Every structure is written in structure tokens, then in C-alpha cells.
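Okay, so here's just one chain, in C-alpha cells, the form predicted on its own.
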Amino acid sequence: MAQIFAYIVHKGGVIDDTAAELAVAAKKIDASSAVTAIVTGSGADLDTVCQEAAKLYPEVWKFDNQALAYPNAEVIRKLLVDVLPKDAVFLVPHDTFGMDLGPGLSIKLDVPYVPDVIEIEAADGSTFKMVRQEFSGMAHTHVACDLGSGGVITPRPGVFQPEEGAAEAGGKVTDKSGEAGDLSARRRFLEVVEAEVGDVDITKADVLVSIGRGIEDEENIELAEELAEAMGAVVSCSRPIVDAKWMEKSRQVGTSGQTVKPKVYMAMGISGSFQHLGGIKGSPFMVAVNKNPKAPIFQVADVGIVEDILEFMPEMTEKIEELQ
């Protein structure tokens, strides 16, 4: 099997949860492979990130360059083409950066590209069956992919969960900065525009009651607010609620909204698109309520309830209040 590499996403000296998830996905491809983590960036925080990555991977390649201070996919693509072996299998999370990086990288390396993967199964030799979701999760696509000569795969964040208490890898960090070639680019980083924080900061909440299309009408948001008050929670939402102008953008969870890390996440009438799930980190205890039994959210929920949220939420609110 070709050598496997995983790209480590990090911010402010802290590695993303997807770092551990990619290690799990890599083992699905080859359990005996010594997977190599790739860490790019610039500054003092990079050493901290590398040491954290070394707890998950047996080997870490560090690339420290001012041109890599911001994860510009155009720049990092050029770097990877220079340093990856010809038959490398490269994993990067299926987030906005991964979607920007992956397609072009697969073309440059002349290898298969499989995006938004939710399952990987060995099929025959170097051929693997990878499962993707289509039509907002309503259909599954099974893709046969030969990785014998390499490939670029973007696993969906939050799917390949690591086991609790996994042993640290005790990996070695190798500074490969000198191997970087020309890192010039036609586009350049200007600034980060932070999402507005409204009257409530959902990123700090331990418990979220999050509503989606199933709320049906703006007036019904009151039901979610009553449930949240009974639970000591905060109300958040998916993108359709913000698009309808029923709630502020600061309440939106997802790749185009806020990234949250609660202890408990109540998904009320939310289908479970990867854009929404991409904004949920830290493996919270997730309860999903949806009247569609085939909703994708049930595949990641700890507890799934097939019910109309307009009937469920008042009932749950009443039961909680009875216990107080």
C-alpha cells in the first residue's frame, strides 16, 4: 500500500479535532501503515502544534514558512506537489479548505479524488469501497477506488471518531521546511473577518437547542426558547433559519456560521448536512429529533427520535419542568 499522509488543521496553536479523525480514517485504509502528519504554518505556535500531532502520528513533517502562515490552498498545493511521494495517499478534512485544496491536488498528482467520505472499507487488494452521501444525505453512493498508486481523500469531519483512551503515538517531528520550493501564489491572504457575536455567544454554551427547517414558522421558535430555558440551554439554528431572517447570523451553527463545542447538542428538525455538522466539534452527546426517519442526522446522533418537533418540544419542556 502507498504511504499515507494526513494534513493537520490548526488555529492559535491548537490542533483541530479532525487531526485525530484522520488517523482513524487512515487505519481504515491500512492498519499497519505508519501514517505521516503534515503541519504547515509559521511562528512559535507551530512547534506546539507539531508536538500535539506527534501524540497521534508516528511521524510529523513540519513546514515553517511565512508564506504558509495562513492556509492558502494554492500555496499548500504547490508545497505538497513538491514533497509528497508519487504514490502518496493524502487525507485532508472535507471542510472549506479541503474542498479548495483536494481537487487541484489530485490533478497535479494524477491520482483519484474522493470527497466527503463517510465510510472506508477494504474491497480487493488496493481497491477500497468508499461511501459518500448525495442529495443532502438522502442517498448513499458507493465508490470503488484503487489507491495502489495514490489518492486524495477528504473524510467528512465528525464521522471517523477516535476511541477514548487511545495510546499516544510518541511520534518524531522532522523539520522539512528546507524542502519547500517556490511558494508564490496569485492570490494572497488579506484578513480574517470574525463572525459577529450577538446577544448570546453560542460558542460558549454547554447545551444547545438547535432548530432547523422542521420549526416551520417563525412563531414556533418560542417552543425552542421554552425548552432551552427549561434545560438551561441556548437556542441556535441551521442556515435556513438565518436565510429566512428568523434568527441572527450569530446563532447559526455550521461551516458558514459558528463553530460550537457543547457538551449536549439537541438537533431539532435539522436534516444533518455536512455543512451544518462541520460546525460541531468535540463529540457532544447529540439528540436528534426529526419526523423523517431517513434524515442523515440520525447517523451521527447518540439518540434519534422520529417525531414532529412541534409536538415533541412542548412535551419535553413539560416533563423537565415537572422534575424541577
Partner chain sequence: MEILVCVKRVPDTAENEIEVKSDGTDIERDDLVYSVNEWDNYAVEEAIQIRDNVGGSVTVVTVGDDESEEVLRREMAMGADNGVLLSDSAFEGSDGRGVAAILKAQADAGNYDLILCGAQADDGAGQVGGMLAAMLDWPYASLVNHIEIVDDKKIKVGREIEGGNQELNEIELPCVLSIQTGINEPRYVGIRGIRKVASVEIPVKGASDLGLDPATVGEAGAKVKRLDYFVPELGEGAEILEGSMEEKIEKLIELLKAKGGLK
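Between two forms, the rigid core is the largest collection of C-alphas that superpose within 1.5 Å. Please read these numbers as outputs of a predicted model, since none were measured by experiment. Residue numbers count along the first chain shown, from 1.
As for the form predicted together with the partner chain, it is not shown, yet the points below apply to it.
- With the partner removed from view, the residue among 51, 33, 275, 42 that has a non-hydrogen atom within 4.5 Å of the partner chain in the model of the complex turns out to be 275.
- Only one of 114, 120, 88, 180 lies close to the partner chain in the model of the complex, with a heavy atom inside 4.5 Å, and it is 114.
- Contact here is defined as any heavy atom lying within 4.5 Å of the partner chain in the model of the complex, and by that definition each of 131, 141 and 293 is a contact residue.
- The partner chain is not drawn, but in the model of the complex it has a heavy atom within 4.5 Å of residue 145.
- The shortest heavy atom separation between residue 264 and the partner chain in the model of the complex is within 4.5 Å.
- When the partner chain is considered in the model of the complex, residue 61 lies well away from it, no heavy atom lying within 4.5 Å.
- Residue contact check for residue 15: none of its heavy atoms lie within 4.5 Å of the partner chain in the model of the complex.
- Only one of 61-69, 23-31, 295-303, 42-50 lies within 4.5 Å of the partner chain in the model of the complex by heavy atoms, and it is 295-303.
- Relative to the superposed rigid core, the position of the CA of residue 60 differs between this form and the one not shown by less than 2 Å.
- The Cα position of residue 91 differs by less than 2 Å between this form and the one not shown after fitting on the rigid core.
- In the core-superposed comparison between this form and the one not shown, residue 154 has its Cα shifted by less than 2 Å.
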